[in-house]
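Form predicted alone, single chain, as structure tokens, below.
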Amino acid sequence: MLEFSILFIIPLITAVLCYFLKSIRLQYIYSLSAGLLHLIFTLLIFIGWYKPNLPFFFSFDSLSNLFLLILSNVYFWVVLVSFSYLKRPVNSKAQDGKKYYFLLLNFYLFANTSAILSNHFGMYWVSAEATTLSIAPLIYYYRNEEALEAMWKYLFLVSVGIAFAFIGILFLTLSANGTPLESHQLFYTEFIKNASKLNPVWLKASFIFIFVGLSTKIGIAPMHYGDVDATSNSPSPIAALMSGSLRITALIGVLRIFQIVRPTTTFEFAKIILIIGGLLSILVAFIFMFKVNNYKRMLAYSSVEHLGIIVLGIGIGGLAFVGAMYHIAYNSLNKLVLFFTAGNIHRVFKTREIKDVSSVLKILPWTGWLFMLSFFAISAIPPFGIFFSELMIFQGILFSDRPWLLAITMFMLLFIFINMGKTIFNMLYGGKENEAITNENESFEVIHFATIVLLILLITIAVISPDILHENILNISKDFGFSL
């Protein structure tokens, strides 16, 4: 029960403690300790130094191992920078948001851990809904009209999406009629074993509803609007949390149903749906980047783009699937860096409008250079990790039965890079200086430290390519029936 206590009970107890503690500093210390313990224990499980044994509705496999490590890592860095973020002056209404910040963060960790480690569709559905409830109040941190609208839009669209996913689960139970699974519990492993016996019509309906429903949380077009608004209006640490970890919690639900359809006649149909969703997401980001007004919204659409690349790689399969798994890990690190630095820019310029931000490199040298490096990293410039993961995805597309998709994808990504680069370099170099802002003397902060470490990690993991990570991703590929 040690693993259950560390991964589930401690975050929940810490959330309760944060409710009763009035000191934000104490809340931060307890939350950071819980996050560090969660990360260390997750890492021990990932590298195989500890063999976990979870109770009834939960289990570990290669996929949950990878996703849990990503969640734990993202969570730790977000908590680490959060105290310095909360010390920044805000209006009187936003002061109330600080009281429940760490309470909600710990509940977020509990809910996402539960969703990732679920071995049961019912438990996953409940946990996925809990993740929505944990993040929604954090979107409303600033207590202004934009944040309120973003929170309610996110709650409404995601709740509708979760309802769609629930219908998809019901269709999955109908597909089991007349099979040994009829009237049995909705365990993933049992459905995978008996997948070939499922009714293909109901299985197709189940995949469509689960994919469309969870796309509201993943940020896959055309179901991305609520997620984009929430990300662009959230505090930067929360935006980083959503882009780096919340999306993959929803993605694992799609991967579970995709794993079930793998040995069935529904598989090709499911691949086409994923490929269409991936291309639509890249297309939406491609169109948006031609007219960018809000830099945090731009980063939110960058998340839509990269989740589109990931879903496209999963749909293609083979080497592209392996590249997609690497891309999930690298993208999570990169989004932390982008949103952390964007948060510093917002703190000084007090606006998210691009036209009002200029000469960042001169005014905020630390933040400016790190923001530039994070742009290079997200744009797949070597030696950053995304270069290697995108290369694998592109190779997989090229040698697939749909090589023409590569030309379409690269064309859109080229213009996303050009337009995003033009916007960022205008922020860094161009425009007129504001004398009041020019007097800002930027000091080295914990956010800069976290950003530098994360950028080093992006390079180190990609260049060294640790055997344990490679083996884990190959095991995931084998679980999905892809052999290289």
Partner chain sequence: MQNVLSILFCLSLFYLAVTSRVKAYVSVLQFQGILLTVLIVFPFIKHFSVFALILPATLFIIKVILIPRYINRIIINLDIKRTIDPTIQQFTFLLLIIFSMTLIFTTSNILSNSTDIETIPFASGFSAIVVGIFVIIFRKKLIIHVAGFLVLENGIFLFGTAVVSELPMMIEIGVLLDVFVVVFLMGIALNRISSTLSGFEVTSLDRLKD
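Everything numeric here is computed off the predicted structure, so don't read it as measured data. Residue numbers count along the first chain shown, from 1.
There is another form of the same protein, the form predicted together with the partner chain; it is not shown, and what comes next is about it.
- Among heavy atoms of Leu155, some come within 4.5 Å of the partner chain in the model of the complex.
- The partner chain in the model of the complex comes within 4.5 Å of no heavy atom belonging to Gln95.
- Not displayed here, the partner chain is kept clear of Glu190 by more than 4.5 Å at the level of heavy atoms in the model of the complex.
- A residue is said to contact a partner when one of its heavy atoms sits within 4.5 Å of a partner heavy atom; Tyr140 meets this definition for the partner chain in the model of the complex.
- Stretch 174-182 is the contacting one of 174-182, 76-84, 266-274, 318-326, since its residues have non-hydrogen atoms within 4.5 Å of the partner chain in the model of the complex.
- The partner is absent here, but in the model of the complex a heavy atom of Val126, alone among Val212, Leu398, Met372, Val126, sits within 4.5 Å of the partner chain.
- For the options Phe387, Phe376, Phe349, Phe288, the residue carrying a heavy atom within 4.5 angstroms of the partner chain in the model of the complex is Phe288.
- In sequence order, Glu149, Ala150, Met151, Trp152, Lys153, Leu155, Phe156, Ser159, Val160, Ala163, Phe164, Phe166, Ile167 are the residues of 149-167 having a heavy atom within 4.5 Å of the partner chain in the model of the complex; the partner itself is omitted from this view.
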